[in-house]
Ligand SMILES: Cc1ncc(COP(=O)(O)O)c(C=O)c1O
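First, one chain by itself in structure tokens, the form predicted on its own.
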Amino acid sequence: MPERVREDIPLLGGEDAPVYFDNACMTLKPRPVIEALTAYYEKMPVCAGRSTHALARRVGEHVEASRAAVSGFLGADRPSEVVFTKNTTEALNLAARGLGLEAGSTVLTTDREHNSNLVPFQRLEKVHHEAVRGTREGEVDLEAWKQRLERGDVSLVSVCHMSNLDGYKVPVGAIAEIAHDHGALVLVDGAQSAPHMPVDVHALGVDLFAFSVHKMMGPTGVGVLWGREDVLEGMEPLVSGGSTIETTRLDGHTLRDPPGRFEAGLQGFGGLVATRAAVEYVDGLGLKEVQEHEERLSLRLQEGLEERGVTVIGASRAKGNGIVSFTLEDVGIHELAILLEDKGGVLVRSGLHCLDSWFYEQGLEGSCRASLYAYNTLREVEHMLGVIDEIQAALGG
């Protein structure tokens, strides 16, 4: 699979191609997605949903085809349950503000949430936020979740599906069942799961699910909030104005039905058109095969790093889940990332990975993170391990 996919990625075509291990941040783009973007700007660079001419209708048809593709990708009931946003962050903010959570109620998250699934709830003025602590091994403690929900006053549970620290898979289905038993809605940050593993929102038993298309070989500027029809119908828009209303008068207005009421103003139509190409491309690879491929590579990478005395951080059960966060003694994380690039063209991310709260709780300054995708190869993993050998030799250890 990887060699076939690499042929479709222009950046990976030359001899000087980088070893791109920063896929948890953003994935590279294949030719079908690039061609779809180009086709929009060359052949139909106009607005959808406003004018009646043929070009506008054509763009509208492409956008709705993308919506239908996303709906099928998630196993949803109908395309109208798919709201397009700019990214996962906007989708989560839309849910946080739009659900109209009861004043004095509580939103529960895990203690390993990305800032985008933490800060929006901390900023709600009349709603409390609590993080349910995990085990010493860094895993979700289902008994702790049950005990907290039994105490009542929880209106929403919002959890990541897969951690962007280490690839740990949160038991969303089990949490959702407990939450629903106690009358709470369930929102899932699927930014790291949707591009890497099969997702069926109904099988998960959740009410809302958010992810970004740029993490699954698609264009930037497109996110998704899927919601059950009845949940979306009860939500208020985060932004209002053009395109969100049926009628406007000087003394009031009537909002459109979902998803239109949530998609304000002129959209990034090029990205929306190309979203279908991204969904179809990733779907065509087979997400189960993508997941298994990433697991093989990341397992080898983690074991290779540990054999060399490199510290791998995260949950013990996260091993082999496509993301490996690590530190090297006596080398700063940013310095290590620079050395990996300078010595071997290996591109990783260094820092807090928008998981500031988790790192502060652990007393860590951050990590380097290698994250893998369908086009990465075992050869690249072995190359990175060889570069680590060079760095350790240069440090005299």
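Bear in mind that the values here come from a model prediction, so they are computed numbers and not experimental data. Position 1 is the first residue in the sequence shown; the rest follow in order.
Unshown form predicted together with the ligand; subsequent notes refer to it.
Checking S298, S158, N164, T275 for any heavy atom within 4.5 Å of the ligand in the model of the complex turns up a single hit: N164. Taking N321, S212, Q302, T110 one by one, only a single residue has any non-hydrogen atom within 4.5 Å of the ligand in the model of the complex, and it is S212. Stretch 88-96 is the contacting one of 245-253, 72-80, 122-130, 88-96, since its residues have non-hydrogen atoms within 4.5 Å of the ligand in the model of the complex. In the model of the complex, at least one heavy atom of H114 sits within 4.5 Å of the ligand. Although the partner is absent here, V172 is not a contact residue: none of its heavy atoms lies within 4.5 angstroms of the ligand in the model of the complex.
Contact check for V282: every heavy atom lies farther than 4.5 Å from the ligand in the model of the complex. By the criterion of a heavy atom within 4.5 Å, A24 is counted among the residues contacting the ligand in the model of the complex. Residues are counted as partner-facing when one of their heavy atoms sits within 4.5 Å of the ligand in the model of the complex; in 353-368 not one qualifies.
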